[in-house]
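Take a look at this single chain in structure tokens; it is the form predicted alone.
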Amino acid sequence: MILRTRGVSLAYGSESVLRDVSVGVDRGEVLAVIGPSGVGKTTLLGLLSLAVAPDRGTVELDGTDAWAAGESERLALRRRVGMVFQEASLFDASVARNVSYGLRVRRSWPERVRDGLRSLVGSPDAEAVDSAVREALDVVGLGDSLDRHAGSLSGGEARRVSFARALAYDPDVFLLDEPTSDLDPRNTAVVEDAVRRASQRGIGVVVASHDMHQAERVADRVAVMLDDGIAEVGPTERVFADPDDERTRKFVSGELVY
């Protein structure tokens, strides 16, 4: 797997937030992490983003234990992971300027060419940045919005620009925290289509959501989080139709209420 945790645990003071969690995502796969609010889904994304260190266990990107690596190596690993938060945080600038930000500030550039994303090897130039920005915005259906100011966007459009900003620098893994919460059906459909298109480029995608129907629509595998751990992980259809864990069965059927 391209990104995984092995037996990670994390506590804040005396409160256990995650306990012995082992889960991962492969290239070109969509993993949905589902569960009720407060069970640690966002915290798990923080660990997978390599921004939060576990108390125990390992977080590995492409076989490298990020927290056993040196600071500079860990930074290089973190740059290979894109994170899209629940609330879009855009700069007071144009859509194009927002999407190009990650490309402009990076010292190292992607060397892979993925389905139309131009290779940015060597010194970045305006043409290469423009190409990557346009293609990322096309993925989220905003290819004609380059010159719009971020302040003019709807909530759904802003969320899609955040997605494009992460896509533009060609990460190995996308982490999405409740990517369509409070969005209308049209914006939800566009974001879900962008998730599928990202996975088709070979990107591993982890979607944390309490929306089980969304997990059924977009995910190849599902990890069910209950309390502070993973109840089970498996192919989406099996987890919903014939789960191994009785708690999972009760949760997906609505019998288990938090």
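Residues carry their position along the shown sequence, with the first being 1. For clarity, every value in this text was computed on a predicted model and none was experimentally measured.
In what follows, reference is made to the form predicted together with a small molecule, a form of this protein that is not presented.
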### Query
Any chance G28 has a heavy atom within 4.5 Å of the small molecule in the predicted complex?
no
### Message
Using a 4.5 angstroms cut-off on non-hydrogen atoms, would G40 count as touching the small molecule in the predicted complex?
### Response
yes
### Query
Heavy atom to heavy atom, is V17 within 4.5 Å of the small molecule in the predicted complex?
yes
### Summary
For the small molecule in the predicted complex, the stretch among 58-66, 212-220, 194-202, 40-48 with residues bearing a heavy atom within 4.5 Å is 40-48
